[in-house]
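Next comes just one chain, in structure tokens: the form predicted alone.
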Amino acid sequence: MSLMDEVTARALSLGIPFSLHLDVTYRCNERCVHCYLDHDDHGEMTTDEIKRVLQQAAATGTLILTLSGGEPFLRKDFFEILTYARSLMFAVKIKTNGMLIGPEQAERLRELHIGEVQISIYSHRADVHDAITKVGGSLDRSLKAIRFLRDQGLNTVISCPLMRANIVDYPQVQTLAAELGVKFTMDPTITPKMDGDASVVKHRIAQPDIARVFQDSTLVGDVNEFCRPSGPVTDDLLESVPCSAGHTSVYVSPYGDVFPCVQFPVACGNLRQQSLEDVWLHSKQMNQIRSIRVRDLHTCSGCNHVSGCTRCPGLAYMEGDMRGPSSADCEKSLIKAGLAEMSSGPEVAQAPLVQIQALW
């Protein structure tokens, strides 16, 4: 067990929100085709309100802080927020498109000892990347930011969300990351919008492409180990928690709304009226989510693949039942096990807008 695993296990036993993801804005200077956010500003928290949230998070024991958006650098007070976060000793990660990061901003991030900066690069080809972001020149600007950050010695990560438009390009993006001397990560899942609108899932990659990713040792390591059959369904597994959401991690929106995770849109409280500690400890919704164990998942608990599945309860919730399966994760589990019936162009769920509050 790694040190991080030990710390996370300790946080779980103590009921501490070890990791906080805070979106400081939903505004963005890109309009990515797969984005799940509403980019209009409906009344973002002020600088003082965000500082109060950070102070409360520090008091509850949070260590890892991810600041994102939207595009966080659109906030004119973003460096003030960063400075305050570092004064509270958070290990800070930033998710950004990098378009507003120049040499001066990169140097300031180094001076603040920011732990990681993650920037999405969708393709090594400008026409593909810029078509996804809907901003001409965005690839060039993001790559310049990566070089500025690298030159400052910052831990920089290229993230490559996979979708139909860029699936053939990820090996070249991976090579680009290596040439730039930065880390590379990818994600094969496109999620519905936070309001439940599933129209963006049409961008999810096809089954054969998922299989290709799972057979790529440069991404998954030992393919035989990654795709090995799931282990036995034990009592310990059935008594385990399905996900860290609401157990050791929590998400806060730019408006102070608290959710178990950015992909799990169950509103549990608002930090303009309540403290983070109050929501974390006493929210009916948070405690109900926290009470769920694998054995309570009515379909998954009886599945032979449950021990190796990456089921997302938020995706299951947006399909109508947070105790049920997530079809996207079921698909991936069957593909890993070599049991999926492949089609070259799978039908993509075109679900209507889900009324999130009605699902609770």
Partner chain sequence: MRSLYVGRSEAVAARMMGGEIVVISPEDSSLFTLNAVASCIWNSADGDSTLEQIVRNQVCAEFEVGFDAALEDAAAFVREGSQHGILQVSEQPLPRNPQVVLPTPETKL
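Numbering follows the first chain given and starts at 1. Since the model is a prediction, treat every value here as computed from it, not as a measurement.
This protein has a second form, the form predicted in complex with the partner chain, left out of what is shown; the following refers to that one.
- Remark: of stretches 219-227, 110-118, 124-132, 256-264, the one touching the partner chain in the model of the complex is 110-118 (heavy atom within 4.5 Å).
- Taken together, the three residues Ala58, Gly61 and Leu281 all come within 4.5 Å of the partner chain in the model of the complex, as judged by their closest heavy atom.
- Between the partner chain and the residues Leu100, Ala206, Met186, Leu88, the one pair within 4.5 Å by heavy atoms in the model of the complex involves Leu88.
- Contact between Arg290 and the partner chain in the model of the complex is found at the 4.5 Å heavy atom cutoff.
- The shortest heavy atom separation between Leu14 and the partner chain in the model of the complex is within 4.5 Å.
- The partner chain is not drawn, but in the model of the complex it has no heavy atom within 4.5 Å of Asp140.
- For Thr83, no non-hydrogen atom is located within 4.5 Å of the partner chain in the model of the complex, even though that partner is not displayed.
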